[in-house]
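Just the one chain here, laid out as structure tokens, in the form predicted alone.
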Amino acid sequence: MSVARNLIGIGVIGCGHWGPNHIRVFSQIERSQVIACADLNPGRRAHVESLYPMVRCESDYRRILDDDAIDAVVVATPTPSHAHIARDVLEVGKHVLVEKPLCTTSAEARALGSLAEARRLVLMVGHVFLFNDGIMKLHELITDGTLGKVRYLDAVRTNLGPIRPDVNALYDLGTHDISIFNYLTGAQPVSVSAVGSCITQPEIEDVCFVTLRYGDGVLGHVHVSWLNPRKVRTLTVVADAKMAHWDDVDPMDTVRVYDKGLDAPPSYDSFGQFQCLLRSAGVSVPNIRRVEPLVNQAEAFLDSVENLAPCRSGGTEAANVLAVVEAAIASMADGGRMCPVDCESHVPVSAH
């Protein structure tokens, strides 16, 4: 298949759950064209062929790497294969978007980031909630000072399945909220405490509770589970001026801002006077556009490819998320002890 010179040629490796979504999105964007995809499963290849007959389907992903018409590759394979496939993509000189988590260790992630930087290639990780319009609105409310100083963040991400055999719920679900916390605070946590329970499979946690401490005193809490009767995706930001709540399942009011807080008291002589210092006013609902986050992410990836510019969820950000996961796993193995996080010098994260 030929590709117009002004279009960015895309290849997709992995056609399981997320691969076809990437094919759909990049096929709909005018400045990109999906040339080929690859999957070991003939049934998945047949499924893609039935939906996108213009996309060439391969059993061997190396044929995508050899195709000069393909400028950038999406890796949507099982997590344990991410690192070596992404390395193969970068070594042949193609940009790469890898589904989260980037790999299984922060060391692997840093190595991939260094390789991409040395080759002047874009390495982006699919922390797709960083491109959710509601989360971006929360980031705006924090950075413009509307909420005031952030004190703590609380996130819940639960559902009944799907249960994964390759990574635990923290890798699968918690990486979303860790990446969101880092994005909203502009920092990485310095320490983490976590507990979890292996219910359906040995040595793979289905449910995890994680507490994160940031250097400026901000506290974060994450609850993730594959074994919950309700699908919940919420995040609450408590700040000293106002508070905000994000509910991704709410079809209408995704973000609500509460004019509630605790005003600093000059002095008080009784509990009744103290109660009056708790401020509670109205609730506002910001006007938020509703674009599919995967589309926002794809557009951001194409922007980075066209301009060779840093992206919001690059190799450093992905490595720092994995460093938190590693510390949380160490904590779970040690009864929930608070463990230090080995992030890259704890420098502020990108907020592009």
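So that there is no doubt, residue numbering starts at 1 and follows the sequence shown. Keep in mind that this is a model prediction, so the values were computed, not measured.
In what follows, reference is made to the form predicted in complex with a small molecule, a form of this protein that is not presented.
Please state whether every one of the three residues 15, 40 and 176 places a non-hydrogen atom within 4.5 angstroms of the small molecule in the predicted bound form.
Answer is yes for this spot.
Flag residue 9 as yes or no: does it have a non-hydrogen atom within 4.5 angstroms of any non-hydrogen atom of the small molecule in the predicted bound form?
No, no contact at 4.5 Å.
Any non-hydrogen atom of residue 312 within 4.5 angstroms of the small molecule in the predicted bound form
It does not: once the small molecule is placed as it appears in the predicted bound form, residue 312 has no heavy atom within 4.5 Å of it.
State yes or no: in the predicted bound form, is some non-hydrogen atom of residue 61 no more than 4.5 angstroms from a non-hydrogen atom of the small molecule?
Answer yes; at least one heavy atom of residue 61 falls within 4.5 Å of the small molecule in the predicted bound form.
Does residue 89 make contact with the small molecule in the predicted bound form, using a 4.5 Å heavy atom cut-off?
Heavy-atom contact with the small molecule at 4.5 Å: absent for residue 89.
Could you check which residue among 128, 83, 243, 204 gets a heavy atom within 4.5 Å of the small molecule in the predicted bound form?
Among 128, 83, 243, 204, a heavy atom within 4.5 Å of the small molecule in the predicted bound form occurs only for 128.
If the cut-off is 4.5 angstroms on heavy atoms, which of these, 164, 119, 213, 151, is the one near the small molecule in the predicted bound form?
None of the others qualify; the residue that does is 164.
Taking 4.5 angstroms as the heavy atom distance cut-off, pick the stretch from 139-147, 168-176, 106-114, 253-261 that is near the small molecule in the predicted bound form.
Selected stretch: 168-176.
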